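As structure tokens, one chain now follows by itself in the form predicted on its own.
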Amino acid sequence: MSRNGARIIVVDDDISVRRALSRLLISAGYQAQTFESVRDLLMNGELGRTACVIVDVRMPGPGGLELQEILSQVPVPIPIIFITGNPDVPTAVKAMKAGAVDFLSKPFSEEELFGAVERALALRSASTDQRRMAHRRR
């Protein structure tokens, strides 16, 4: 998946983080959609068109780990990048073992973010290609 047309969802309860990430992603050629909570995303988001999700680990209501569990059940799993202002090793290990692309501590650099996003897009593209190949074999 290329930057052109790649839709990135950002879920964070901090409006300044949502705005900053949205602007940064758009300036780099991505499409960005933001949500204040996991509930808002699940009620209003179009996950099928999503290249990857950037989500805060801890928020009121369901957090990033709960979203990761939900996204692992969709037919073509959506790569997830965790961001957090309060990193802890057990949470990072749990997220990475469950398939997270990255676990970034706030504040993180643009290079760290874009590196994680590019890895997520590569995973999404490979997953989509594998699914197409499996479908053709049937």
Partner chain sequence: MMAETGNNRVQGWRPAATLLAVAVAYYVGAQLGFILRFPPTTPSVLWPPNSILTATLLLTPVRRWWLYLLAALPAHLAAELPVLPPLLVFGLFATNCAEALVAAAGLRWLSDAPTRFDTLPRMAVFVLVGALAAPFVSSFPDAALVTAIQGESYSFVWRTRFFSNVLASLTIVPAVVMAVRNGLPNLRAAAPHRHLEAGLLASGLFLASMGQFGNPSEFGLGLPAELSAPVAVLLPFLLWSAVRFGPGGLSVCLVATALLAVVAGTGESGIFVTQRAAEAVLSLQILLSTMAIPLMCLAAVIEERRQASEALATRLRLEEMLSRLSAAFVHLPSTEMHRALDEWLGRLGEHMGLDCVVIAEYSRTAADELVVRAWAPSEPVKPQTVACREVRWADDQLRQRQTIAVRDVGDLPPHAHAERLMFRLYGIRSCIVVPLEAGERVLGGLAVATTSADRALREPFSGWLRLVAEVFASALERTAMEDALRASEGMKSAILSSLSNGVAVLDSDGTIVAVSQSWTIEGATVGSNYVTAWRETARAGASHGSDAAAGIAAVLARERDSFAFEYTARDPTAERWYSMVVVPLNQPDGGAVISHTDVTERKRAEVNAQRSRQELAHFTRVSTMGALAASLAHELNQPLAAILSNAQAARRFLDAARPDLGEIRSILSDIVEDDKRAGKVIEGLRELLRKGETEVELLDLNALIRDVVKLLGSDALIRRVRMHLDVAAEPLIVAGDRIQLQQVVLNLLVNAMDAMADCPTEERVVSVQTELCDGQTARVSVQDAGPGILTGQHDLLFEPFYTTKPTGMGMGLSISRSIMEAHGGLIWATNNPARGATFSFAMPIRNGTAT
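Residue numbers count along the first chain shown, from 1. Predicted model only: the values in this text are computed from it and were never measured.
Not on display, but discussed next: the form predicted in complex with the partner chain.
Heavy atoms of A122 never reach within 4.5 Å of the partner chain in the predicted bound form, leaving it off the interface. Of the heavy atoms in D14, some are within 4.5 Å of the partner chain in the predicted bound form.
Residue contact check for R58: one or more of its heavy atoms lie within 4.5 Å of the partner chain in the predicted bound form. Contact annotation: N44 falls outside 4.5 Å of the partner chain in the predicted bound form, judged by heavy atom distances. Interface residues of 96-122, taken as those with a heavy atom within 4.5 Å of the partner chain in the predicted bound form (partner not displayed): K106, P107, F108, S109, E110, E111, F114, in sequence order.
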